[in-house]
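Read the single chain below, which is given as structure tokens and is the form predicted on its own.
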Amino acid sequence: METKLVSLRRFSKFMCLLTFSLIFLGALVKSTESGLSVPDWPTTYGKFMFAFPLDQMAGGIKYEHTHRMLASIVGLLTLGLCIWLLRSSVGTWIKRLGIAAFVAVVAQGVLGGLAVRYFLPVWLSTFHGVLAHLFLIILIMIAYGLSMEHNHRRHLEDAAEGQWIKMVLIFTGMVFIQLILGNIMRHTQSGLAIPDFPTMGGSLWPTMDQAMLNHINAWRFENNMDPVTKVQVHIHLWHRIWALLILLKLGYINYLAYKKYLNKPLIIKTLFLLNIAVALQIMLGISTVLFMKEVVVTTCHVTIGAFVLGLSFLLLLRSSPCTWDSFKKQLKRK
């Protein structure tokens, strides 16, 4: 029985890593604008997906088709994980998460297919990207619920204070909102709606007037890009503002950790990794603008964003009590 549980733990962690790879491939599809390189779904140029000749995977087809194949593999493995959980002796709440993961991955596949069938509408493409991050969170929670660390902590009273948990919960929510903003920005072609940094439209403080829009569109004309609207500029600006708010929130969380939680290695270790990931994400975001959405930089920016979300959620799990009732009670405490 223990051997089977060890294998299940390892498989759940493998699924998390595979999902990060899938997010990377999805970001690569968008960065290379390959979303309609395969215009039909669920077939690939009329053929069964896994029967499509490898020698025909050229240009954008290799990105889109590889993404589809890996997504199908992740879907099948998620079904396997769900069945494995239902047949195992794990807690009911983990079994329910397994069902939720399977429902999410099926919905994700359908949304991806519909996005292609309807020529990548913004709302469908954005929802497709956001659901990928929800799916990742579910898998991380499954993996943590199965972990030896969680099993050990169930017998300890090592949860952080309610104020800390609230701050980490808010921070995780802020990161998720930022990923939504990033998805909207990418799918509305607003990634270079403000094409300069640290200035914004030619000035350190954005004026958001017609002169600023003219300055931006003059730059875009010189670089053979279509003009943007004020709506696109606003979307891009909010992505930058929210990134700054996240950085400030992280600074406050570090301050609280330094004051109260230096004796909790799990929290400090996770927070250390989160600090590195956020710093890297900010540098990649700046580089995305400065290098005019270069494919590798932009793709890594999206992927590290998912990694920041995963670390934020892991920090929340490691800070919180191991039962839902205890979690709610802890949140009510000051």
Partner chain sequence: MVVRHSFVFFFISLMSLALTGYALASGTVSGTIKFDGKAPHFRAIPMDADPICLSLHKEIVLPQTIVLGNGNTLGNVFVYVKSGLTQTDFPIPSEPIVIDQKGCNYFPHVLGIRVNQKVRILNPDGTLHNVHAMTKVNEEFNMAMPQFRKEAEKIFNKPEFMFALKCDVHPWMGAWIAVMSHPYFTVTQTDGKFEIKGLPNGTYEIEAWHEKLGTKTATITITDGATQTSDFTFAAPSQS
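Residue numbers count along the first chain shown, from 1. Fair warning: this is a prediction, and the values are worked out from it, not measured in the lab.
Below, we refer to the form predicted together with the partner chain, which is not included among the displayed structures.
Among the candidates L266, M49, I61, L273, the residue which, in the predicted complex, approaches the partner chain to within 4.5 Å (heavy atoms): Partner contact (heavy atom, 4.5 Å) among the options: I61.
Contact residue in the predicted complex, from W205, F119, Y252, Y258 (heavy atom within 4.5 Å of the partner chain): By the 4.5 Å heavy-atom cutoff, the listed residue in contact is F119.
A211, heavy atom within 4.5 angstroms of the partner chain in the predicted complex: Yes, contact at 4.5 Å.
Residue contact check: T66 to the partner chain in the predicted complex, 4.5 Å heavy atom: It does not: once the partner chain is placed as it appears in the predicted complex, T66 has no heavy atom within 4.5 Å of it.
Contact of V308 with the partner chain in the predicted complex (heavy atom, 4.5 Å): Judged by the heavy-atom cut-off of 4.5 Å, V308 is well away from the partner chain in the predicted complex.
Residue contact check: L36 to the partner chain in the predicted complex, 4.5 Å heavy atom: Close contact exists here: in the predicted complex, L36 approaches the partner chain to within 4.5 Å, heavy atoms only.
Interface segment, criterion being heavy atoms within 4.5 Å of the partner chain in the predicted complex, picked from 106 to 114, 231 to 239, 216 to 224, 177 to 185: Going by heavy atoms within 4.5 Å, the stretch is 216 to 224.
Contact test, all of T32, Y45 and M292, partner the partner chain in the predicted complex, heavy atom 4.5 Å: So, yes: the whole triplet contacts the partner chain.
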